[in-house]
Ligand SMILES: C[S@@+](CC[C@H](N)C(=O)[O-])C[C@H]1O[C@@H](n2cnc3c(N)ncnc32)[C@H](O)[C@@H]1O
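A single chain, nothing else alongside it, follows as structure tokens in the form predicted on its own.
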Amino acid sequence: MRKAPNFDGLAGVYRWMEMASFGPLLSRCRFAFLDELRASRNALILGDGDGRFTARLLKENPVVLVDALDASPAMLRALVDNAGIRSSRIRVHVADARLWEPLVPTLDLIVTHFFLDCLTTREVASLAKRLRVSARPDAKWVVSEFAIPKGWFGWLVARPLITALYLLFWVLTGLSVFRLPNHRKALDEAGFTLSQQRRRLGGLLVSELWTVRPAADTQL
């Protein structure tokens, strides 16, 4: 298995890097479906960076308990700091998501904001199958990701930009993935259904809400 990237050095500047490159658009992607998560009780949040989504979820949903997983201890410390007085509802896990097994067998919310792009399609598929086993029948999976839309914008703008971002994170963190995974295929084959989708920047940024497909319709 390839070595996990090291995001520790970016914990203090992650927010400013994001604002300098995409302004508020990545945050808008993260919060796109927040209103639909108020009934969630057990959430698994993978790779939330400095934790701005986690903090907002805890504020909007006063009963949700969060398992926050990241391979970067520094990012998890920033996540807990951002949660403030609500951090008592967070359990942190310093772990590689490719190896980690969920501790809560009744997850009703899974969140991956700009995280799946650090994995290969095969790794996303393996992760999705493991999480499907722990997901309740009414569980939701919220995804924010980059995408390469069809047409001239995809070829001339989105593809070169995403390639540049991968090279940047290879330099800064050692990330050894250089192309977007087919996360939609992986989630679909694991038993999740794409229920809603919102696009920004001509389709370069996408927010997605997935739900669990009935077991009879799923091939695990």
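For every residue, the number given is its place in the sequence shown, counted from 1. For clarity, every value in this text was computed on a predicted model and none was experimentally measured.
There is also a form predicted in complex with this ligand; it is not shown, and the following applies to it.
None of the heavy atoms of Ala78 is located within 4.5 Å of this ligand in the predicted complex.
Among residues of the shown chain, Arg86 is not one whose heavy atoms approach this ligand to within 4.5 Å in the predicted complex. At a distance threshold of 4.5 angstroms between non-hydrogen atoms, Leu69 is in contact with this ligand in the predicted complex. Using a 4.5 Å cutoff between non-hydrogen atoms, Phe22 does not count as a contact of this ligand in the predicted complex.
Comment: this ligand is not present in this chain, but in the predicted complex one of Ala147, Ile90, Leu107, Leu119 has a heavy atom within 4.5 Å of it, namely Leu119. With this ligand omitted here, the record of contacts in the predicted complex names 41-49 of 59-67, 41-49, 158-166, 178-186, defined by a heavy atom within 4.5 Å. The candidate spot formed by Phe33, Ala128 and Arg199 is out of contact with this ligand in the predicted complex: none of the three has a heavy atom within 4.5 Å. Counting a residue when any of its non-hydrogen atoms is within 4.5 Å of this ligand in the predicted complex, the hits in 113-134 run His113, Phe114, Phe115, Cys118, Leu119.
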